[in-house]
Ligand SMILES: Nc1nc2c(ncn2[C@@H]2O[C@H](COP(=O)(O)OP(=O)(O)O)[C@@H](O)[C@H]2O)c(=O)[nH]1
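One chain comes next, on its own, written as structure tokens: the form predicted alone.
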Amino acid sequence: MIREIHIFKEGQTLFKDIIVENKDIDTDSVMTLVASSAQNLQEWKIDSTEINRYRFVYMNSHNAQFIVTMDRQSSLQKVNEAMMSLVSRFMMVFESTLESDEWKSTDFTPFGIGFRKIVGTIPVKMCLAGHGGTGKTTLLELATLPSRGPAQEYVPTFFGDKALLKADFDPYIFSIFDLGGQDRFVQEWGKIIRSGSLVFIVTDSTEANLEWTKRIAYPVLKAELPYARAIAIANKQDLPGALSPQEVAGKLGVPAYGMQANQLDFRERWLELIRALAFEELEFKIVGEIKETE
């Protein structure tokens, strides 16, 4: 998931676009450091560095430094391809400008449209992780197939399902992975969830299910997606005896949000949770930092 782009020349900012702000690091200081590294690269060579949960991918062309900030967990190959595409597009318009002093007075803002189009070609990978029968497939269908309505009976997912989600998430689109929740499939999650940026830990809001989640799901998620963002979905809130979202959050050590995935009326809430986690507009936890509190 690409978060920001910065373009510098001779220490001056030519262009920047911040889609999701890096809130827990000093971005200005990091950009100064990374831009200095980029200046030493050969023309069109791509390199990267990792700081906390972020990866900074950078390139030098025509003595201009291009820096893309992405989630550390995301696919480096796809972002490298995006970097080549965006620098090529930039040079098609501004190459002659950079070769003269004209760049000092040029408005590079129009490049933002092209940048966001490129961002939109790389689906953000999100994972629905949880035990069988907790509602993962129903959540996938609730988001992507509203005309059919959510499933009303449980059909086990074999290994995993995938669907593409396009909604009001500009410039992002999402690739949703519904992970098979049967015990025999959990150890295979690592083959599916690599490069995931977002994790929704789906529960049925029962004590037994929360214990399973901590014992079986957490070790795999922490090993494979330590830098991903996560929230818990306290599903099946309409059932008798369901633990409240607050109780689920307390036991899992992850902010939890109530859902009734088998009700079409909850689709807007579900889409808003997806959007809010992607844009970091709600409370979440980094997977590697999860500590169960009870």
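As the structure is a prediction and not an experimental result, all values here were calculated from the model. Residues carry their position along the shown sequence, with the first being 1.
The next section is about a form of this same protein that is not shown, the form predicted in complex with the ligand.
Here the chain stands alone, but in the predicted bound form its contact with the ligand, taken as any heavy atom within 4.5 Å, falls in 230-238 among 230-238, 36-44, 248-256, 64-72.
At a distance of at most 4.5 angstroms from the ligand in the predicted bound form, all three residues 132, 178 and 262 contribute at least one non-hydrogen atom. Proximity of residue 136 to the ligand in the predicted bound form falls within the 4.5 Å heavy atom cutoff.
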